[in-house]
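Presented as structure tokens, the chain that follows is alone, the form predicted on its own.
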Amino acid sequence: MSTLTIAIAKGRILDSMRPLWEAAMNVWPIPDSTRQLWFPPSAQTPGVLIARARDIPTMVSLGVADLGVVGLDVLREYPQPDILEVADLKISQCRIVMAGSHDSWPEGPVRIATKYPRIARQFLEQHQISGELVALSGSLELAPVLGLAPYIVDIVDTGQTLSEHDLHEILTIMASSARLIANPAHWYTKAEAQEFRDVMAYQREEVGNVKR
């Protein structure tokens, strides 16, 4: 009987975890058509919690989940000191980019729409750019179209959505992929936690280029 609970970010990270999980456990604990968010541990597999990405580090820090799977972008935007980053699973790979209606570096003060204000602010400070951040939770591609902000800082995979809105990638601020994180106390007291890390890392290599 497993004693582990893994919190996994809903969306493409959850989808990308399935091939690894099935290869390692021979069973995927989540039915294809369900709205259930909690699947208790069983004899065949650890338990799974499905949650919003930004909530995963908190759940792991508080010990609600032993381990978590979440994007590096979330870990950098919502830093949580009481967790360990124990593996890069190298799935759900994407980038946080600066993009705009023109493919040139902004001159002078700029206005940037983003759902990553911490990452964007660090970027502006690093490059000594004077700028104003407009916090949005989604649909960032509309900001330049509507005249809200000429530039955006957003996460992209293929860049297709940007091109469909006539936006150009100016530069990549950071690369991101799914990371396995752990509650420190559970990591050092539950051997099964480290075993899970090892088998997932091994299966990632076996599965190869997992579909994002």
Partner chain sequence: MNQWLRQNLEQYQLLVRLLTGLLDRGFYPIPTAPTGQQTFRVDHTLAIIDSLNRFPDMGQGGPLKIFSTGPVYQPTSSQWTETLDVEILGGSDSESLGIVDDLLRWLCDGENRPHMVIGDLQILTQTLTLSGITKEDIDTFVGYLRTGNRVDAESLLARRAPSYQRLFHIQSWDGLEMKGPFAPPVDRQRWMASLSNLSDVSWDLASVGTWPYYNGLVFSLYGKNIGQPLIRGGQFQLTLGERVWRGIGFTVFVGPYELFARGVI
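Source: prediction; values computed, not measured. Residue numbers count along the first chain shown, from 1.
Here the subject shifts to the form predicted together with the partner chain, a form of this protein not shown in this document.
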Practice item. State the residue from A87, L133, C94, V97 whose non-hydrogen atoms include one within 4.5 Å of the partner chain in the predicted complex. Key: A87
Exercise for review: Quick one: from S139, S101, Q122, Q80, grab the residue that has a heavy atom within 4.5 Å of the partner chain in the predicted complex.
Suggested key: Q80
Practice item. Heavy atoms, 4.5 Å, the partner chain in the predicted complex: which of 178-186, 141-149, 162-170, 26-34 makes the cut? Say which one. Key: 178-186
**Study point:** is_contact(P40, the partner chain) in the predicted complex, heavy atom dist at most 4.5 Å
**Key:** no
Exercise for review: Indicate whether R76 is a 4.5 Å heavy atom neighbour of the partner chain in the predicted complex.
Suggested key: yes
Check your understanding: How about T45: is it within 4.5 Å of the partner chain in the predicted complex, going by heavy atoms?
Key -> no
**Study point:** Interface residues of 59-76 toward the partner chain, as seen in the predicted complex [heavy atoms, 4.5 Å]
**Key:** S61, L62, G63, R76
